[in-house]
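A lone chain, given as structure tokens: the form predicted on its own.
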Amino acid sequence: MADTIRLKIKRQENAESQPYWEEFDVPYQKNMNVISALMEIQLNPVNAKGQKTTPVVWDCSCLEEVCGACTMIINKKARQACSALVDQLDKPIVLEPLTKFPVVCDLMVDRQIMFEYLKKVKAWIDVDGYYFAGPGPRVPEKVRRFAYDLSRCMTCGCCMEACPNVNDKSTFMGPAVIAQTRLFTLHPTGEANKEERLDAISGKGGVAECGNAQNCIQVCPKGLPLRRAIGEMNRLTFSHSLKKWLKAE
């Protein structure tokens, strides 16, 4: 392994400015990840031409692939920079911001739209009080396991980045939001708001706009059962819409 590694980074000063490429050579350390390399640039913001420049901006928090904040495109694949080990990546390492979200600066994007969609489908459990109400209802193990898998979503945006139906001409909410809707309809307490959630996911931008490309399954870092969640939401929304139509007759 060479003493330095080359990073080719797509940079952008703000949302309105034009992007440009800048390359950096950073000292190599065994077992370093992409975040470590970016921190080296932060310590010494000099590009590969030896010119002084501004530190590269990126986002991170947990550094253990839980928060999803450091998601970016690394060598043409959306993934987390904290778990992307330099030794396992082709060189030069090419870093770009996610394309399905507005760029804030350099590699940092604004994922607010995902959280707005989660609010639209009411991705939470309402509680009646803050007192101990005793043990909750028993949940079958198969349901519990499925729900746990869905709960591991970290709203990283990888699935939206890979989905061809998420674009500037579409209002599709994306696989993560559909999966979270399924999670909260599975919950014994959350089921009380099931019809409200189904109304939200049946309308514009909902599950019917999924093109079944299944790219999301390939890129999800947590291996969420997105195919099953989307399939079940298709079935539930169809039944829900049919019942509403029959009642209206």
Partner chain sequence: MAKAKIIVVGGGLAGLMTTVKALEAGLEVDLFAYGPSKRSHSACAQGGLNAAVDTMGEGDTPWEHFDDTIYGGDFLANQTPVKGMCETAPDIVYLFDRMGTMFNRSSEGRILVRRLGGVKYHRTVFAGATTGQQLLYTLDEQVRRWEDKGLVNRYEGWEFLSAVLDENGVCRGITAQDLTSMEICSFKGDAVVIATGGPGMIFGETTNSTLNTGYAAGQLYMQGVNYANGEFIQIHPTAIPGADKNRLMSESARGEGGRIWTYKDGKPWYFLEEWYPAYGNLVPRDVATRAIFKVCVDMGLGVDGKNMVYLDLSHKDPEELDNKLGGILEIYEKFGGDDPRKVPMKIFPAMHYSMGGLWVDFNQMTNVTGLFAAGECEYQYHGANRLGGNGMLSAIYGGLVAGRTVVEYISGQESGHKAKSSIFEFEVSRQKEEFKQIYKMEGKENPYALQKELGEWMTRNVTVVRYNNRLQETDNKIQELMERYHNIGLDNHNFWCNQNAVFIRQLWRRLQLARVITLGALARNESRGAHYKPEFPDRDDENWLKTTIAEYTADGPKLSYEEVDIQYIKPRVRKYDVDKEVTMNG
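Positions refer to the first chain, counted from 1. Quantities reported herein were computed from a predicted structural model and do not represent experimental measurements.
One more form of this protein, predicted in complex with its partner chain, exists but is not displayed; see below.
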{"item": "Contact test in the predicted complex: Val26 vs its partner chain, heavy atoms, 4.5 Å", "value": "no"}
{"item": "Interface membership of Leu89, its partner chain in the predicted complex, 4.5 Å heavy atom rule", "value": "no"}
{"item": "Partner proximity in the predicted complex: Leu43 to its partner chain, non-hydrogen atom cutoff 4.5 Å", "value": "yes"}
{"item": "Contact of Leu63 with its partner chain in the predicted complex (heavy atom, 4.5 Å)", "value": "yes"}
{"item": "Partner contacts in the predicted complex for 47-65 (non-hydrogen atom within 4.5 angstroms of its partner chain)", "value": "Lys52, Thr53, Thr54, Pro55, Val56, Val57, Trp58, Cys60, Ser61, Cys62, Leu63, Glu64, Glu65"}
